[in-house]
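Here's a solo chain for you in structure tokens, the form predicted alone.
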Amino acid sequence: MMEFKGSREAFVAALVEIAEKDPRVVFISADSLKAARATTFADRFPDRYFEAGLAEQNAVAIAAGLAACGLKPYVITYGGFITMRACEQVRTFCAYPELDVTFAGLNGGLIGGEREGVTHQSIEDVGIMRTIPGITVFEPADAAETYALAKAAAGIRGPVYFRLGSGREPDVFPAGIDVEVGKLRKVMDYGADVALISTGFVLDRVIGAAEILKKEGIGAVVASVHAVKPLDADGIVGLLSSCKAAVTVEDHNVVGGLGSAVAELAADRCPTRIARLGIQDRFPESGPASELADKYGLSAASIADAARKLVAAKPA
């Protein structure tokens, strides 16, 4: 079984394996070869590696041109630069013509981006990508799931965005785990008092919260959602309809991410009391990833407290 230091290494390992079987696969870097841990790809396929330099808009435009010629480009650089600096190119050159371009955004959230501070901590990337028609948005929970998901999703048509970290994200799943693309995963089921719905690199904290609640006699079901778009609507509705309340947890602005997606779905199909945990529409600061996540309400204790209050609240 392959094990990885983090989601960057896991994604590139999957990319190399995909490229070995598909000669159309190419990699475009925006001065991000080393940051992406992608030197293995460049060494293995030097004629299929293109360096755009510090020019993310050009990198995406190059990817669009290559995709229009029948190739399958992968662009890897910081998530904030893909989704903000090159947003127009992603939208107009890739999504509008429905081209097969895969983007991997590094430094997702606080846990993924402690080193460079607020300019490199992508807390808006998922929300931005969700608003663009036709883009699939993946937020795997750890390196093992990143590898499995990247391999399984290689044949998806149209643009795809993967949210990756910095290498500090905790391991949750065992190496060799299988993944069903687009379907949520029930990680544990202690009862139907509250659904704890997680995405990305906070799953270990959500599991910790479920353990705290279990000791208090509160039964929680923990679900991990790797596809924020398209959302596993039937799976989420099943959770909402079977539990008294739900808490969404994400290392992202609460505006536009998983919490927004679940709340929108609940409003349409299954009205439910929901608490949305994440970055509360503010810019975070720099610092150690774990301490930052705790400070901004993503500790196991904070998650358990939010669930506890929802369960105790009287129905409207």
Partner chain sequence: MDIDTGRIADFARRIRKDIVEMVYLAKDGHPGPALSITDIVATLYDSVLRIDPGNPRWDGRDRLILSKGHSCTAVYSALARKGYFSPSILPELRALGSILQGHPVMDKTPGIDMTSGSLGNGLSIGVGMALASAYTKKGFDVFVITGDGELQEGIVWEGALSAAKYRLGRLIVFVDRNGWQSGSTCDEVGGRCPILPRFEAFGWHCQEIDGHDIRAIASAVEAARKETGRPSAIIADTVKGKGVPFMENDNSWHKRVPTKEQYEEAMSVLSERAT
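Positions refer to the first chain, counted from 1. Remember, predicted model here, so these are calculated numbers, not experimental data.
There is another form of this protein, the form predicted in complex with its partner chain, and it is not shown here; the text below is about that form.
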{"property": "One stretch from 85-93, 242-250, 177-185, 117-125 that, in the predicted bound form, holds residues within 4.5 Å of its partner chain by heavy atom", "result": "85-93"}
{"property": "Within 4.5 Å of its partner chain in the predicted bound form, all of 51, 66 and 99 (non-hydrogen atom)", "result": "yes"}
{"property": "Residue 35 within 4.5 Å of its partner chain in the predicted bound form, heavy atoms", "result": "no"}
{"property": "Contact test in the predicted bound form: residue 55 vs its partner chain, heavy atoms, 4.5 Å", "result": "yes"}
{"property": "Heavy atom of residue 254 within 4.5 Å of its partner chain in the predicted bound form", "result": "no"}
{"property": "Partner contact for residue 237 in the predicted bound form: its partner chain, 4.5 angstroms, heavy atom", "result": "no"}
{"property": "Option touching its partner chain, based on a heavy atom within 4.5 Å in the predicted bound form, out of 212, 192, 152, 71", "result": "71"}
{"property": "Contact set, 21-48 vs its partner chain in the predicted bound form - heavy atom within 4.5 angstroms", "result": "23, 26, 47, 48"}
